[in-house]
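Just one chain follows, in the form predicted alone, and it is written as structure tokens.
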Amino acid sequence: MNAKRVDKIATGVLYAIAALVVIILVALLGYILVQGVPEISWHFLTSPALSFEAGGGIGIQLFNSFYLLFLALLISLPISLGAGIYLNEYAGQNTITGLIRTTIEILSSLPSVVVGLFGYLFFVVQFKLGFSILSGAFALTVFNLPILTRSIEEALANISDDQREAGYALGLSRWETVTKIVVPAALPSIITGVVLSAGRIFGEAAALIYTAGQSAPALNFSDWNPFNISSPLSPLRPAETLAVHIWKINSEGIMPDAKAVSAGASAVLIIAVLLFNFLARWLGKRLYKHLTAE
């Protein structure tokens, strides 16, 4: 068998594997969307869930998911940005930084249920925050920090050293060069990483079962005082998210229309994650064109 024939066979096998992966993905997404999209309505998206009767929605769970996502990013983004800048721009190649990078890799590979159990023992029990949005946000921060730090570090590493040297030639300090040249140049990749990590956080369930809780108390959407426990903005109230809600209604079996609600909630979750991914690509391209004037 000559080299050309071997190359054609190998190429065909690779194309077949790629096509199989795409078919499986499309079939999975298609099944979820076909089953769930007919269940989605304005009433379904805005009304509270009902436990022992049909006709409930996912309004509170959907709000909780976005609120938790906002708080988790609010905590993790500044820390990840600082860590990424330090590791790429200031830290040298030595034993300590090697240990830090190894730790980041290990943390990024931890199962989310392990992060949830750590959050339960540390934030819920030790710090006495209870099952609350704050406990869930801290757990999601632990879950998101290593991935986001690695993403930001790689974004900064992709910036050419010529741009740094140009900043030094203009008399800028290292900090000024990083903040005024390197970070703005890496901004498209950083934002892409942040939006993709947001999609991952939005669909997380295991880490929140043990920290944010599995209940969604009635909220008073006319009360925006975060110090009132019935307020939607209260960080100390328990908060069942959309992903946790899907798991809960399928495991308890006390909802008459559990199948329909689960299908609709799954479709909403998939659509949200897809939107996060498309938004990341769109923002990255727009910012790149804006910053490079292409």
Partner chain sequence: MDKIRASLLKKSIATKIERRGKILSLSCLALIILVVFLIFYFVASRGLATFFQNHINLWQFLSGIQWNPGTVGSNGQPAVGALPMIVGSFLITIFSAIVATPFAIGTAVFMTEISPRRGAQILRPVTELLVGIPSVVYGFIGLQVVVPFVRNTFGGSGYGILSGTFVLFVMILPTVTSMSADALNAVPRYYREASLALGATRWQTIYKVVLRAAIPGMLTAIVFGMARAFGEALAVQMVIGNATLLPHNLVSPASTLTSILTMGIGNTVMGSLQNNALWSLAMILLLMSLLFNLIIRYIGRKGKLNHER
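Model, not experiment: these values are computed from the prediction. For the two forms, the rigid core is made up of the largest set of C-alpha atoms that agree within 1.5 Å on superposition. Positions refer to the first chain, counted from 1.
Below, we refer to the form predicted in complex with its partner chain, which is not included among the displayed structures.
- Within this chain, W247 lines the site of its partner chain in the predicted complex, having a heavy atom no more than 4.5 Å away.
- Of the heavy atoms in V195, none are within 4.5 Å of its partner chain in the predicted complex.
- For L274, a non-hydrogen atom is located within 4.5 Å of its partner chain in the predicted complex, even though that partner is not displayed.
- None of the heavy atoms of F221 is located within 4.5 Å of its partner chain in the predicted complex.
- The contact residue chosen from L117, L71, L187, A157 relative to its partner chain in the predicted complex is L117, the criterion being a non-hydrogen atom within 4.5 angstroms.
- The single contact residue among V37, L29, L45, L233, judged by any heavy atom lying within 4.5 Å of its partner chain in the predicted complex, is L29.
- Residues of 258-283 lying near its partner chain in the predicted complex, listed in sequence order, are K259, S262, A263, S266, L269, I270, V273, L274, N277, R281, the criterion being any heavy atom within 4.5 Å.
- Taking 2 Å as the criterion, Y15 counts as shifted between the shown form and the other one: its C-alpha moves by at least this amount when the rigid core is aligned.
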